[in-house]
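Included below are structure tokens for two forms of one protein chain, each presented in isolation as structure 1 and structure 2.
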Structure 1
């Protein structure tokens, strides 16, 4: 027995490492099998883009610049005679949904060039070096097939500032992109178009001359642009007596994508009513839905309902009394999306500059809801969180971006990073608080001084659930509002010791 035991234990000792190795090999093979495969994507030009110039509305400047590029690629001789070089890189930048991808597709359709579209995120690979290799391949193939356009969408995915320790692979990819961009001359008839949402985040090396030296800002459309975009997206839809300009007037600040969405929602509304044509009211409903969210079936109790009514009445009261604030277009206490109620303020015209006073007035309107709750019910609720977030953003930009604080006047502060001193941080916080307090006090003054009007607005709102512009004017016309001495409020604030 002891002998036998001795042999078998010897056996196990001899086999154990081999068995272990086998198990390890099996585990390794299984891991490999479950790992995501990265197949090299086939790079071939897409030419089936059906977007034409006419489909892109409103962004006139960007279109003009890009038409130039199309000309270059179509008639290279005409420009070469004069010694002009084809621009190498064009960067479209601007907020999401403004039509950057759309513009690039239109260029592809118009220029008789091969079009290679890639999203920058497709260069970001799990394994180091693959992204760079893919860029190299893309440029090689495009150059062989020139004239060609390379379109890199969402450039921020690789083009963000280098040097972050976690972004080794992205750095390599970006470096390769820079090398490739330096490596071809305008004579190659190759143009690189890139799109990015944020110019500030991009590596400065990308933006220097010889790389993406043409930067085209694609902004949200103005009134004319919005009208055109609405018309483009309603082409082929049976609209009946729809006033596109009126809708455009009510949609300042919305992007092309939002407007396209409104047109689609309007058609859906009409379809649900089993109508053959789309009417103005469908567009009104669609606008409300896109701006404020879906109507929800949440049932709220009576007390909550009156809190919401007073909250919205507070917003409305302040916007009606402050001349610089956009007029209230509609108030509703029918829950939509996340909101239990909402007040829709619509600007009469496009505005590009705002004064300090106007920004404070806007904060007064935002705080008016919470103030009304406080004054009437003696308690504040969670309903104001969205308002408070906006107030925070506005006061932050006022102090940090626009130099509208009290101590940090006329100084733009550096980006928020480690280079900002603790002291500066504290000053920003204090100033933000000061501006917010000022707005809060004004809202409080305004609500307290106009309590009868507030009550009347809230009561009408509770009765009707929705108040349109006309109703609001009627209610406000009945009770004479007490105009607030706004300047006095500001002066009182700025005297020290208050």
Structure 2
């Protein structure tokens, strides 16, 4: 007790910082002891890829560009005599599933080069400096085993514009990648191929010549490309009397990955039926599975089934009356995915440009189902939510992106432009509403003028649940549809300056 009384408050204040530091040291040591140990990833080339040029279809332009790189890696002396050098970097960009990774594997196989495949996210670490160290190791090992190809997938994970990260780790990793691609210690037979779905987010320093010399856009295939892709993915599968061109016509806008999935699903459907060959009906079922979703076992009552039938008949009726819209290939009221029914339209050919009238006609078709519900049952339901979303996107793009308005024509008005005045935003909303109302009035006029044909389509659909193209033509041939109605407001709306 006397000893404790002999310790002054001044002594306690002097020892307190030392004790606190000892406690922090103990906590830090315990943290290090129980932290998981991570070892550096072993970088080694992938096994020889079996992907050849004939295994890659639907991307003819990209293949032609990459064949030059293969020729250079195979015959470098021929190009060096002319003073040419191999492109240091090739950037493949485009939507997901178009075959960017497949192209890189084909280049590595055809060039007989070592193939180092890395994901850009594997370079991003929590601790500063680790990502840059992994970049250095990758390029050093690749140079030692040249000729080699480094493939970096999802480049935007590490190549985004600098200055947006608080920690600076991504910026340091990107800086190291830029230095390695500058070729201070480079090799002439080392090529970097990268893939990205977000070209606009990449740092400008990556895109300049000397780093990624070639930027190749890999787009979804056209009709011929889709046919070739289906044939490639059907090799080795026992297909019997399958019309790949017809399937390709039904898959406009789908990527190579989607088509490969359709071929695989068709084989699965044939296996479920215990058949030895894959038939056309298997591909049709697979297409519905991929496009519309899995068939649902939901049981709906008779009233809801009638509403769905008239809704889909409204879509089909407007499609048949409008010549600019693709004809209906199939109507179904069997629930699939989130939808209680669907109408499948098939284009006659690939189209890349749409006029103002064609976009309005498409909105008429989308609103035809909602209009049919209102005309027949006197009420509207929640079944048109997806149609309304598409109508909103189309009408907004027509006014803000395509300059198809009346007061704001020939101007692009991006939504992220915060300098836009409130009056301009109000005009955009008004013109968008005007386009939507115009499409709704046209759809209402068509449904009212062709009510008997709508009733016949809906009754036949209720009896059969699914109508193919031949059934639709037979029903429409029973009753002569009226001519496509025209509304004077359409001509008035398409005149600039009114």
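Heads up, when I say rigid core I mean the largest set of C-alphas that superpose within 1.5 Å between the two forms. Predicted, not measured: the structure shown is a model, and the values here were computed from it. Positions refer to the first chain, counted from 1.
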{"query": "Label of the structure corresponding to the form predicted alone", "finding": "2"}
{"query": "Residue 370 C-alpha relocation of at least 2 Å between the two structures, rigid core basis", "finding": "no"}
{"query": "Core-aligned C-alpha movement of residue 283 between the two structures, 2 Å or more", "finding": "no"}
{"query": "Residue 75 C-alpha shift between the two structures of 2 Å or more, rigid core reference", "finding": "yes"}
{"query": "Inter-form CA displacement between the two structures at residue 201 - rigid core frame, Å", "finding": "3.4"}
{"query": "Inter-form CA displacement between the two structures at residue 21 - rigid core frame, Å", "finding": "8.3"}
